[in-house]
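First, one chain by itself: the form predicted on its own, in structure tokens.
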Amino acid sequence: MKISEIFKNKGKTVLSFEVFPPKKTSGFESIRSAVDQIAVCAPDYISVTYGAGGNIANTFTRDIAAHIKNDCKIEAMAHITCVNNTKEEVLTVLDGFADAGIENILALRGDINPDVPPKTDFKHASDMISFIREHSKYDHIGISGACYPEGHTEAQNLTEDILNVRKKIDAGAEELITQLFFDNEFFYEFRDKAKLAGINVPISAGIMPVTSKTQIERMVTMCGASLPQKFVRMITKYEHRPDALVDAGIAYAADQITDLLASGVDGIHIYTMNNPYIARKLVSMIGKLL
């Protein structure tokens, strides 16, 4: 089932999780075990990121997504990136997804690895989306796009970035998932401006419960998310107490989600970091609100 159909049929906020594949073959079973535990929370779908490492990354993403879809009986979404795939490789990957029963993808430009020259067939995710939509063979595939509540780090301003997001929708993306954020006001501003720009597809809010100070510093460096003072106070207070920081981070995320649900958010997309405890704890806190 396409993710767009889940949004149409459910009639209330869609809950989704994100997991990432292993870096090495030896880690596959541990990831699958984590996915099995996360799947117990019964989200509407689970997305699988694109790992590092060329063709093997496509294979890991496909295999984890296929396990979610076929064994866990939960709808799966597989990420695919421009910087790691040529046009020919995209078609090969999509055929592999189709053979595995995967009907949904998240089309991304992808993070550029300074040690690996990027593929150049697609400059932007919207280009790849257009390319896929040119092939009627893949009409059955649901395509989602990414967006940044505070604007992409390479955009001049939020308005420019939203216009670029609109290109993804015009190209054929059917819903959007935001990058992580810690201040809901940025999400609300983005959502309002997106509607003014004619973006009328569902937008899922990406929420990442903090698990460590190092993790947040790394993610903020990558995506440019702002840190509210109350969030900084939480990190400062619990940074030397790892278990307490995890629970505080989950509580902060639950508070964000409660406010988002009250605002009528289309979807909640939780970055689980492959941690079943985070998924179960957070769902236990917000499950009755969905």
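This one's a predicted model, so the numbers in the text were calculated from it and none came from an experiment. When you see a residue number, it is the position in the sequence shown, counting from 1.
If you look for the form predicted together with a small molecule, you will not find it shown, but the lines that follow are about it.
Annotation: in the predicted complex, residues 17, 182 and 213 none come within 4.5 Å of the small molecule through any heavy atom.
Look at 213-221, 99-107, 186-194, 135-143: in the predicted complex, residues with non-hydrogen atoms within 4.5 angstroms of the small molecule sit in 99-107. Distance criterion of 4.5 Å from any heavy atom to the small molecule in the predicted complex singles out 155 from the list 91, 72, 201, 155. Only one of 170, 95, 111, 121 comes within 4.5 Å of the small molecule in the predicted complex through a heavy atom, and that residue is 111.
Among heavy atoms of residue 85, none comes within 4.5 Å of the small molecule in the predicted complex. Among heavy atoms of residue 256, none comes within 4.5 Å of the small molecule in the predicted complex. A residue is said to contact a partner when one of its heavy atoms sits within 4.5 Å of a partner heavy atom; residue 208 fails this definition for the small molecule in the predicted complex, lying far away.
At the 4.5 Å threshold, heavy atoms of residue 76 stay clear of the small molecule in the predicted complex, well away from it.
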